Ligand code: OGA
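Encoded as structure tokens, the following chain is the form predicted on its own, with no partner shown.
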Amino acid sequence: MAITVEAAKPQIGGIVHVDKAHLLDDDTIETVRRELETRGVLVFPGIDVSDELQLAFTDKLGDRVNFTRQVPGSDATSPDVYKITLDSKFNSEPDYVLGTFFWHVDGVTIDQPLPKATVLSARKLSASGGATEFANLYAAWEKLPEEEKREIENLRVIHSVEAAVRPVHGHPSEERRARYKAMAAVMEQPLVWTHADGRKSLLLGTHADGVVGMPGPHGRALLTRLQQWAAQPDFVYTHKWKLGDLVIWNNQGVMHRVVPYTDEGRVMHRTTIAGTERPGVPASEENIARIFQIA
């Protein structure tokens, strides 16, 4: 075969060995689709793709989607390629990038089908920090005690951009809050997502701001505990980037975060594969208000 995949860890991650000339082969694409479902994250070490090849790879796997057009930051010169950087010459408002220091799922606060997968390539590295951590939300659900599964299976969670960037600014100004609200919706998502194929996963991240029907502190305490559970070492793969690496992950079953860095020279190029499943709905004003009640 032109492609082989070895396990990175038992619960998550695979290392893909394939020549760049065979990246778009049908056998490669089918292997990536299959392995992405079971391993969650696939690494192509040092494959060194161009934007053109990254977009072609993305398109072979599904329809591309660009959900960050309203996000202040930096688009690359190629359409639908988002350049992730803290370089102030390109990104005058880094909140969105700084928010990625915390666990999240891409696109969860947008009223659209949740993106199926994210493709990221390393163009320039930071001198320190900058590794990306991935947590398997399928495994996190499967390994929960049965009693706890029954307790949480039907819960609904409020997700917002404001919650996602709250760790960045603490208490943002009203102007910032207005910008956050204009960028995306406040969404109500299932805590336990039953996918179209019948598999179940948790749906978590720093953007999760409360549990419908629970007082705010109680819901956030539950979400924090579950996020800590999902981020335990057995469920997490940490990728220490090398120049030219390409990584793709199943955005519908994996949350991720970047290890903090300050180097403005770091540049990653991201493309996104659209999903077809829409687990959430815009949250009602009533449910949003309730999560801020103490009791």
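Residue indices: 1-based, along the sequence shown. No experiment lies behind these values; they were computed from the predicted model shown.
There is another form of the same protein, the form predicted together with the named molecule; it is not shown, and what comes next is about it.
Chemist: If we take heavy atoms and a 4.5 Å cut-off, which stretch out of 45-53, 227-235, 258-266, 27-35 is in contact with the named molecule in the predicted bound form?
Modeler: Stretch with heavy atoms near the partner: 258-266.
Chemist: Is the named molecule in the predicted bound form close enough to 84, 106 and 132 that every residue in that trio has a heavy atom within 4.5 angstroms of it?
Modeler: Every residue of the spot touches the named molecule in the predicted bound form.
Chemist: Which residue among 110, 192, 120, 164 has a heavy atom within 4.5 angstroms of the named molecule in the predicted bound form?
Modeler: So the residue touching the named molecule in the predicted bound form, by this definition, is 120.
Chemist: Only one of 201, 100, 160, 206 gets a heavy atom within 4.5 Å of the named molecule in the predicted bound form. Which one?
Modeler: In short, 100.
Chemist: Tell me, yes or no, whether residue 64 is in contact with the named molecule in the predicted bound form, where a contact means a heavy atom of each within 4.5 Å.
Modeler: Contact with the named molecule, no.
Chemist: Considering only heavy atoms, tell me if residue 270 and the named molecule come within 4.5 Å of each other in the predicted bound form.
Modeler: Judged by the heavy-atom cut-off of 4.5 Å, residue 270 is in contact with the named molecule in the predicted bound form.
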